[in-house]
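Below sits a lone chain in structure tokens, taken as the form predicted on its own.
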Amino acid sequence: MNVSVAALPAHQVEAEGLIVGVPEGTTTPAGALAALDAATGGVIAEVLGSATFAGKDGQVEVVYPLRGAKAKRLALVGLGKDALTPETWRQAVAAGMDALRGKVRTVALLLPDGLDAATTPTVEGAVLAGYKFEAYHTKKDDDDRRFTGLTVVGGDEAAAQRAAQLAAAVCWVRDLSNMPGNVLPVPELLTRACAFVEEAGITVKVIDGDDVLKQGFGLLEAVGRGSQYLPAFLIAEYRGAGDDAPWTALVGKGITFDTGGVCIKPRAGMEEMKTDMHGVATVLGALRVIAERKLPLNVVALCPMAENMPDGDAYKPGDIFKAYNGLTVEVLDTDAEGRLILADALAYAVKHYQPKAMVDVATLTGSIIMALGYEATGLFSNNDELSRALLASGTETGERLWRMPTWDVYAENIRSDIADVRHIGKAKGDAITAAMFLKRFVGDTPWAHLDIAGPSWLAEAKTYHAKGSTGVGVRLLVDWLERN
């Protein structure tokens, strides 16, 4: 979608559709809304005086100005009665886009009163709401008209382009996560990932084939050994602060398809396991954006990739493997593979980068969905300051986090009788157990684990998220890195 800004009055902007926000209880147009109303012959005042539109949160009324405006459709979007926030405005923008979907190709958006720096959430809400995954439709419906242009009336040009860049990265994550497992096995994910970040000048290193085990990634190799595609480990470095500056590490889970291995999953819902590489896509999406913005940071993305399949060489419950940091791990469930490949990556980050902070992102457990549903990401951390910073970015971006406990008492769940550690617990609370397992591989490094299993995938479209992959985490990580 082409994104631009305009300093013209809203009624003079060249666009097929125009979206404006209206606070609840507004009975008389004021400010820019009054100017638009005057230019269009009082059509807005007529709607505000009717009983059909009250400006309630999410309410939309589409009217058709007979004169005075370039736009032929005007979507009035209710903003509710509470103070406007970036997230409520994103959702209002999405409601307007949804009302115009299939009817117009170009849209203009009038910035609302009462919201500072509104350009960014305006562009994010519009571009993300306009997303549609249709790579495998061989024939498009005649009335399926994609949005091609967005104009922010009164917006800031630099902010608009930065937001468009960020939204494009989110859409890349969505595209990748929506691709089926037969199209995106490990070699293809690796190829696409490298190309995506190298375009932004990011340096990549790949460890694959027999070198995965030779270089000590015992857990990653174990998870991927049942597949025809050997596992791989991608290291992507962005140096924006010089050689002497400390590193921040981002670690993503990259399971291209998860059958559960020998502990095979039920058929129902297994098709969604194509999204189990969402964590890798998320950290690479964030890395590209900070490189494009030339942030003065050194950030490395560490991406273990594997396909979890059952065959004669697949790893089994009861097997013991050695992790990258030398710990021996007793495997008791081959469907708990994500924490294994993350453990190797976290240990690698600690040894080679000594990061000042480290965040891993993973579609890790169904347990976190039981706890938080699909509305929030589970946050686990060994550092209060890091947690507070991530929580603040979650509020700002609308990608909510909820901090979960990592108390020492939970460490008992991963005590093994025959190895250094077992990778699943002996009781319930598996999302916490998984975090406690990962904690064994970070040492004293300030670390946070984000379990995105809930909000990463939607069975039905919601606000500015289409059905399928949401691309969650990119905007959160970029905001956190930029602020901190």
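A residue's number is simply how far along the shown sequence it sits, counting from 1. Just so it is clear, the structure is predicted and the values come from calculations on it, not from any experiment.
The same protein also has a form predicted together with a small molecule, omitted here; what follows describes it.
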The small molecule in the predicted bound form has a heavy atom of only one listed residue within 4.5 Å, and of A453, L33, A69, V43 that residue is A453
The one residue among D258, D360, D344, E124 placing a heavy atom within 4.5 Å of the small molecule in the predicted bound form is D258
Under a 4.5 Å heavy atom criterion, is R192 part of the interface with the small molecule in the predicted bound form?
no
**Request:** Please check if D319 has a heavy atom lying within 4.5 Å of any heavy atom of the small molecule in the predicted bound form.
**Result:** no
Subject >> the small molecule contact in the predicted bound form: A92, any heavy atom under 4.5 Å >> reply: no
Within a 4.5 Å heavy atom cut-off, is D276 in contact with the small molecule in the predicted bound form?
yes
Note: the small molecule not shown here; in the predicted bound form, the stretch from 332-340, 199-207, 84-92, 149-157 having heavy atoms within 4.5 Å of it is 332-340
